[in-house]
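This document starts with one chain, in the form predicted on its own, laid out as structure tokens.
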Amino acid sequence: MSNPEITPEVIAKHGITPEEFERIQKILGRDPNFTELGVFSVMWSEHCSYKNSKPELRKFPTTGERVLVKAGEENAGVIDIGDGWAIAFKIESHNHPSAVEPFQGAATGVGGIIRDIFTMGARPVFSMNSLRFGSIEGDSDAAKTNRRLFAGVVAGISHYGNCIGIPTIGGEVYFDDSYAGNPLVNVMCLGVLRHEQIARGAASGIGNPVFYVGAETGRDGLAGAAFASRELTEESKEDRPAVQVGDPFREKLLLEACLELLASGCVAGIQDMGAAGLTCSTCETASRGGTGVEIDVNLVPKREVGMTPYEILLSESQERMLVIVHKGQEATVREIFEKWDLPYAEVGTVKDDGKMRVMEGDRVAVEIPASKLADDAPIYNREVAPKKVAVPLSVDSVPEGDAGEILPALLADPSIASKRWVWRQYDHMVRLGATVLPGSDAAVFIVREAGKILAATTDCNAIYCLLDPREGGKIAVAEAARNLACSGAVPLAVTDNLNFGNPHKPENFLQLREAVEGLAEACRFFGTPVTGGNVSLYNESPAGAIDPTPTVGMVGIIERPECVMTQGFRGAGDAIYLLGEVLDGACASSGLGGSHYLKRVYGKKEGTPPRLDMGTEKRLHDLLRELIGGGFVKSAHDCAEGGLAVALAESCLSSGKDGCGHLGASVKIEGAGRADVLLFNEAQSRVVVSVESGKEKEFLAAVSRAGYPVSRLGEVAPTGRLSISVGEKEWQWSLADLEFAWGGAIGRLMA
């Protein structure tokens, strides 16, 4: 690649505005050369600098008694889990790469988030994901494209996770036309470490050598950070070079080598070469350390000949790390990396001048103040559209549907249906820690070396966020905490992935601001500090922006093994209760606003989402943990998408194994109003539990002490049928038929 003249067209192609170019000139005291322009373009992209979202991110609560490493300080936040043990966890996106090359886009997303975790000194123990695609139903070209993207993403996640030996133990998958052409691939990873093992990404110690370790640099992933900071267009297929290519086997070697290197005590600082590659790792370590770093690109291991400094610095080739080593201990690096058969090279030195300096032999290719590059990107306060008052849905505008037909249709909706087709492709049992199989309210993982039981979930109802971003943000946090409570866990902290459209459009920025403020309010209320995460903007295709999707990843801890709870009914004759209102009063005006029933049956995303009373929600979580800890309930499942009827059906269908041996239920619901509203509204703060008949008195006493509303719905039945009565109406469904609708829906569509 030649070094073209710096023209307005070249500047604009790098995503740099005229005002930003003037800022660069002032920082340097001169015009940048072509390589320096590329360096600024990636480091000042939204993906790396958060220049459009940073003012909003400051609204999150980030401190707490368990927080050991705060959001923004390092590659991932770290939370104390007791007895000298800690967890590092984070969620990140690989949306744009997955839209262009789904297999490698998703695979390298997994590889990148795993590196963020072991860079902290933690051993990764499990992964999760939150995925969104356009509709996969029908024979249209769009549906075929969405199925191709879905299959490719799942295969990429499966390939990388299975090969590296880190289980993928849970997550979520949704389908909506707003994601057609712009799928969301959010991947989360969690690792375990001792407090004293926390590693830092700072270039400390003047004169310390800088080592490049891991895979050789190639031209794949070139300028991927800048690619992820613009809208997808019909021409995005030309951006395939911006999609990295991953090698999970080499990452496994790199993981083990880096953890051994950290344990040796010779590391002064370590940084993953993720977004912006060698550029980011060099300037960020220098900025964090208050030092400078000088490297020579001629010393960087390369797998392609003739690579220019521009290409070497902007490449996002995978499985690479930058390590600052205590001077005099270089031999340890060589010994460990030769043992693991990995490339390595001493490429530079920590300096005292605060500069990121890149040499090409004797020639200076780049010389930029590191802190200005890493931390002084322009910050924008974008125009915000006026808030719109959501119009409540009038129930009279929705024809009353027949529950006998609606329930199977909802269960067959790919967003609600079992994700068995997905998680059967993941090795969720490697390491033998997943004590709850994928498909329950939250994943549960036993960390045997620490003697701890962790629960984790990812949640976001994007329909709610579209209709009311602030309320949708609050509900995302509340539902995550509710899912953990249903599993017996106390929530610890949150990581989030903010997926939105182009921030230059005022209506999109309004969605971002409102959602962040809703998330922040709920995180403060539930005591779950935000430990970090990712902002992914510009999620638009030519058809328009995605629905706002602020995905919440939440981790909790379960005190005792006997407190681990799942959603499936467990014993015939057990009583079935609903904790919460049959129909929440705040929802009574419509009951169905923002519901999956309204979308699935009538094709509408209208009205106001259900209102959340956080005090009521918190009382429910505390009550659930008390009931589970006291041994009063045998199963617990939250009412979410599809409402009460779907929750009851899922509790039946989750009682068996892959379609066999399901327990049924006989239920009678007391409530005024239309049966479809009672059965399929999505009022918040509700959980279906089953109680052993001999413990009902103790159960009700505990609920009464908490002052929480409760209704006895019926009993778990040994027969393979679900029977629901509302007033004088009764419906019965064969569980075999419901299993066909729910359990096999995605598999049939993907066949």
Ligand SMILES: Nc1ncnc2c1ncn2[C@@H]1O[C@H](COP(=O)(O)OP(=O)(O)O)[C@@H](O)[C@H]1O
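Computed from a predicted structure; not experimentally measured. The numbering used is simple: start at 1 and walk along the sequence shown.
The form predicted together with the ligand exists for this protein as well; it is not shown, and the discussion that follows is about that form.
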| query | finding |
| --- | --- |
| One residue of 468, 638, 74, 606 in contact with the ligand, assessed in the predicted complex (non-hydrogen atom, 4.5 angstroms) | 638 |
| Listed residue (483, 108, 279, 285) with a non-hydrogen atom within 4.5 angstroms of the ligand in the predicted complex | 483 |
| Any non-hydrogen atom of residue 595 within 4.5 angstroms of the ligand in the predicted complex | no |
| Contact test in the predicted complex: residue 214 vs the ligand, heavy atoms, 4.5 Å | no |
| Residue contact check: residue 173 to the ligand in the predicted complex, 4.5 Å heavy atom | yes |
| In the predicted complex, residue 438 touching the ligand (heavy atom, 4.5 Å) | yes |
| The ligand in the predicted complex: contacting segment from 257-265, 111-119, 124-132, 495-503, heavy atom within 4.5 Å | 124-132 |
| Residues in 404-425 with any heavy atom within 4.5 Å of the ligand in the predicted complex | 419, 422, 423 |
